[in-house]
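Below, in structure tokens: the form predicted on its own, a single chain.
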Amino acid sequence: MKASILNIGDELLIGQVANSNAARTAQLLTAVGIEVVHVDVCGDDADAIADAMSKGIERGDILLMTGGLGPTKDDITKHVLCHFFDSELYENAEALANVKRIFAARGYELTEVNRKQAWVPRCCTMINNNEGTAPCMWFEREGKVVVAMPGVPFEMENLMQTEVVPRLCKRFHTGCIVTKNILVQGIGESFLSDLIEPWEVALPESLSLAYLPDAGMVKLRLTAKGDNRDTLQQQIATQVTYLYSIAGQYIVGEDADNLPELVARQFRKQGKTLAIAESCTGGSISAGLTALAGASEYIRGGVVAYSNEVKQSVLGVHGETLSTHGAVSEATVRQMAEGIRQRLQSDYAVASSGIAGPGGGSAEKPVGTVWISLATPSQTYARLLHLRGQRKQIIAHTCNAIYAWLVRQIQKDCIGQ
């Protein structure tokens, strides 16, 4: 079963809003065995939307659309749908009741403009949107299904999970698609490719491999397609076992989209706590971890110590250390990690201090010179990174290096207990 995704909105074309809907829609479809064959983006233009719809329907059995369902004049998707399916708008009583419910709950007066949210094409099956006023609309023609959903990400995701995906599974025989993520850090993408090439070439035809590089890490995604989920999962498990025998020293973990998820999983599993002292990363280490729900279970807190005065007064870095070795040094970053660990009484602590650029470098310490430290209950470690790229890349690379180090260290410590 094949599907196309069409995301509508001028804000997507000009980069004002990131198109997160495409990724999330594709994830939810893939999870139930529906293959996404194309993703398209177009602005709020009637001809462009109609053309994209025609092409999307030609490519597969399902077209999922988001955006352009609001009550303002620039939201024209419903009018395009009416023209496309030779229908007309009418006020749907159930949709109107939903709009009234939401406005009453928010204490707002229902205006005539907002009442138009309840108008839908007469030929569609209206699906109420419990999280918002724009309803979801389901169309069928010649065995093909077109679904139009609101562009607000959390509204779209709720509709996909509770209504659209279950209806698609009931309407079509979806088969199975099983995916497996393996997170690798400490080796570049090209070197990794060379290392695992014999394994990759020998993969069964039912399995495919994708390389998804990020700053200082690579996510390998194995995808299996077939009719029996248990068989596909066993095929993937066999291949992952073989992969460990080749590249195990670089594998940080599995079944996660990013390294912060692995950090959170390990710390919560082991019941350990973490404190964070940051200089050059400016809070990015903490932000990556606290973006995940449940971070309060293991993160004690953090400090962004940009100035030497804060490094001394808050983290306890010695003035002599700073004057002798400088802020970007092994001695300083060690004392940052030890200081935050002691002050916040955590099991583990990490620290970063470096030159992210674009200025501030020297012949002795060029841009990309970064020291990171990890303090454990028994020992403090430090590592020197020589990084390349723009400021954002250097910061992201530093964060990923620290995340991977944390996962490996806590695993090592727990095995040794």
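In this text, rigid core is short for the largest set of C-alphas that superpose within 1.5 Å between two forms. Just so you know, these numbers come straight off a predicted model, no measurement behind them. Throughout, we count residues from 1 along the sequence that is shown.
Separately, the form predicted together with a further copy of the same chain exists; it is not shown, and the next lines address it.
For the residues Ala202, Ala97, Ala293, Ala237, the 4.5 Å heavy atom test against a further copy of the same chain in the model of the complex is passed only by Ala293. Scanning Thr241, Ser307, Thr125, Ser323 against a further copy of the same chain in the model of the complex with a 4.5 Å heavy atom cut-off leaves one residue, Ser307. Here the chain stands alone, but in the model of the complex its contact with a further copy of the same chain, taken as any heavy atom within 4.5 Å, falls in 205 to 213 among 205 to 213, 245 to 253, 324 to 332, 167 to 175. Although the partner is absent here, Lys55 lies within 4.5 Å of a further copy of the same chain in the model of the complex, judged by heavy atoms. Remark: Asp74 counts among the residues lining a further copy of the same chain in the model of the complex, judged by a heavy atom distance of 4.5 Å or less. Contact annotation: Gly302 falls within 4.5 Å of a further copy of the same chain in the model of the complex, judged by heavy atom distances. The closest non-hydrogen atom of Gln266 lies beyond 4.5 Å of a further copy of the same chain in the model of the complex. Interface residues of 104 to 121, taken as those with a heavy atom within 4.5 Å of a further copy of the same chain in the model of the complex (partner not displayed): Ala105, Arg106, Tyr108, Glu109, Thr111, Val113, Asn114, in sequence order. Once you line up the core between this form and the one not shown, the Cα of Asp227 stays within less than 2 Å of where it was. With the core held fixed, the Cα of Asp194 is displaced between this form and the one not shown by less than 2 Å.
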